[in-house]
Each structure stands twice: as structure tokens, then as C-alpha cells.
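Below, in C-alpha cells: the form predicted on its own, a single chain.
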Amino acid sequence: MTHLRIDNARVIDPANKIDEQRTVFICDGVFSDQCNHDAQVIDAEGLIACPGFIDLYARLREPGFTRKGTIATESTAALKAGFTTVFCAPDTNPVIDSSATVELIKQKAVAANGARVSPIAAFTTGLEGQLLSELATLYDAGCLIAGHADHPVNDTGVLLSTMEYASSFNIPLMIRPFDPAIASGGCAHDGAIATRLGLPGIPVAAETVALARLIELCSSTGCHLHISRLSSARSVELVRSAKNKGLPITADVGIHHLYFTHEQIQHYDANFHSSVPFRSTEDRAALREAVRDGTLDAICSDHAPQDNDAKLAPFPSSAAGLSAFDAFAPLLFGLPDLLDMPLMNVLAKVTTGPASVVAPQNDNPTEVQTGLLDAGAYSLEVGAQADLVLIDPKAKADLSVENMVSLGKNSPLVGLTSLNELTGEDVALNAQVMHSIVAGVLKG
């Protein structure tokens, strides 16, 4: 195994409330308090060393949609974002509803030699919202969490049965609240801008009505419910209230929703067409406050690579989603100043926060599961699995198409050095991941 000594880094470990200059030792895949004399030495002067980030929701596209992205390209791009563990959405082809598909993804991820990939199990077969998948079997195969991607479940009885099943096995359910009947084929926030542009709108109620149903079912089943990718102030209020009542609910937000609003769609730029719509400035302010006060436990990438042709259609007909990995690190490092929040607290939203959502809950987790997050891969304490990233916070991000690692180039940030011209906020796009270490192995 690799023996590494990292000198002169600013070490930030949210799990242990550490922010200080120190040397980090890695031996035999774990953090240590010393190392062999022949250890490889990395001079990390000017760099931040922190636990590898954990992404709760990303689309890697493979199997099935390799023109948009592959496990090899996207897990490598994830390392550039700072992620050492990525939970991939189940809406692949075939859907992640069988152990065979889970094993295929795991094998491809190992061969790719990028970030660790953990599949999210589809909790109904084929994501059709009718028959429950074998969640216990999928959990034992290595799926630490079950979800339904952006596919709604219209049958409340199926949702209730799923929550009862998941609760009996202590499996967290990740669900994006969305009512398609209310959304009615919309493609943007239902507000003045969409009306002026002639775009069909998605009302906030499409999120909140579905969320209220989920909260009520969570209350009756005791299921660990993770609300995925919130977009509105009213939803934040509902989650905050549910948490205050002691319900086992956690929630996250996509990184782009902390920066963009529906004002960005005014020029019909299809790169702002997101499956979770960008809403008003008031909604964005509420999401930011929810990150500050802990209502939102985590920040995910919501990475959605698309091929070039998918974004060439008119806005309503274009494929939804933003490619997020290449710009994630500079966006994350813009948040401390923007939110008036310590960097350690921001980093907690991509380390300890997501880890608390998906850490194995069973009394006897399998070897597959202990190899992921309950091995302490979200902290730098001695004995913990050595997942670590070294980041230069002052390095200017190169967001040119040529420098993007993801196969999807569908980012509105391509070629930019600041967000000023997009959002009017003076946020410089700085920060580069210089080295990534996964389970003690130096990746780059």
C-alpha cells in the first residue's frame, strides 16, 4: 500500500472541528500518526487538505447513455470537483433495480480508477412506480440508499409500502418532491419571467404538495427520508418544521440553486434548463439561509451531463440538466463569503452532512458497506479510511471547454472567471483540486 506524508497543508476536518497547519500521514489506506521513512512526500504549501467530498446525487449516465457520459469520464471529473465518493442516480439503462446492474457499475467504477461510485437503488422496478424492488437485496449488494431519480411516484399506496419496507431494514429513501400533475409539462419557474417568455411554468406547489405528502408518510412510518434537491422557500419551511418535530428527515440542495434564479433564463439559454427549476431571488435567499442554519444537511452536485445536440433545441424542448463537476469546486469555495459562513461549515455540507445521510444504519452492515462510509471516510482522524483532497483555494479555475473533464459541456459557466455577468454577484471562480486520494491511493 501507498505511504504518504503531506506537509505544510492547512488541514480542515469538519468532523473533528480542526482547522490548523499540520502534517498528514497516510499508511496502508488509512490516516496514521506516523509513516515509514520511505513515504512519498507531498509539499502542500498554500493548499487545503480536507476529507474527500461525498456527492449525494449525480448522473453518470452509464450504463445506457454513454453519448452523454460514462463512468470513466464522470468519475474522473468527480475527482476534479473534490468528490471521492459519488452516489449515482438510478435512471440508467438498465435501471439500477437488480444486483447484476449494481455489480456492473461497481466493476466499471473500479476499472475507471476515478472517484468511488455507489449506486442508488431504484425503489420500484424499472422506476415505473408500481412494483417494489428488492431493496434488502440491493442494500446487501452495496446500495446504501434507495431513490427514484426524477421519476414521480403517483400512487401514494406504493410510497407508503416503500417507506414501510425501507424502515424495516433501516434503508434511507432519497426522494425529490415533485407532482407532475401540477407541473403539467412545465420547464421553468412559474413566474413573471416564464410568462413573458411564453414558457410553460412549474409552480412551487408542484414541489410543496408532494413534499407535504412525503412528510406525512414519514411521520406514520418512521422511515429515514432524505429530501433531494429542494428549490423553494416554502419547501424549506416545511422541512424545517418537520425537523423541529423530530421526524427522521434530512435534505439537500443542488450547488447551482444557491447561485442561479429564474432571471438567468431570460435569454432562453438552454444550459439553465434544469429538471429542478431555478426559482425567485426570495427562494434562493431561503435556500442559502437553510444551508447556514442547518435545515439543509448537504450540498450535492446534481450533475447532469448532456451531449451537445440535447441543448440545441428550443428551451422547452431541450434536455434538462447542468453539467456540474468541472465548476463545483470554485462554486463551493465561493460560498463562505457569499453566505457569510466559515469555510469549515461549508465543507461540512459535502463531508459530514452527506455522510450522516447514508452511513450504514443496520446493526450488521456487510463488508461492501463498511468499505464505504462507516469506515470514517469523511474525517481525517487516525484509523479512518484515507479519502482526502488537496485544494488550492486561490488558483483560478479554467472552465474552458478544452479543460473540462466531464463528457457533458452543458454548463453556463464555460469560459467564465466570475459570476458577476451572470448573477450580478461578485464571486470569483477560484479553487482547483490539485490531488485526490481515495482509500489511501493517490489519484492525481
Partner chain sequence: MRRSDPQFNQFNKLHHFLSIDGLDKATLTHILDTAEGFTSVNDKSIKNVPLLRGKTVANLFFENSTRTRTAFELAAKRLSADILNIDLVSSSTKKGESLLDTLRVLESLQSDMFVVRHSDSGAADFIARHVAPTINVINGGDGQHAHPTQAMLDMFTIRRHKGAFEDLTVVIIGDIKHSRVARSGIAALVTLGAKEVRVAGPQTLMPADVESLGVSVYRDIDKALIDADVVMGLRLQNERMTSATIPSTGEFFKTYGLTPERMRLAKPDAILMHPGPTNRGVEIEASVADGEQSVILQQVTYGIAVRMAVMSIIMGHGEEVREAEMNQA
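Residue numbers count along the first chain shown, from 1. In this text, all values refer to a predicted model and were calculated from it rather than measured experimentally.
The form predicted together with the partner chain exists for this protein as well; it is not shown, and the discussion that follows is about that form.
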* Asked: Among 393, 29, 63, 412, which has any heavy atom within 4.5 Å of the partner chain in the model of the complex?
  -> 412
* Only one of 137, 168, 241, 317 has a non-hydrogen atom within 4.5 angstroms of the partner chain in the model of the complex; which is it? -> 317
* Asked: Out of the stretches listed (137 to 145, 308 to 316, 211 to 219, 106 to 114), which one is close to the partner chain in the model of the complex, meaning heavy atoms within 4.5 Å?
  -> 308 to 316
* **Contact flag, residue 199 vs the partner chain in the model of the complex, heavy atom cut 4.5 Å** => yes
* **in the model of the complex, residue 269 touching the partner chain (heavy atom, 4.5 Å)** => yes
* Asked: Taking heavy atoms only, is residue 181 within 4.5 angstroms of the partner chain in the model of the complex?
  -> no
* Contact label in the model of the complex: residue 195 to the partner chain, heavy atom within 4.5 Å -> yes
* So in the model of the complex, are 190, 416 and 421 all sitting within 4.5 Å of the partner chain, heavy atoms only? -> yes
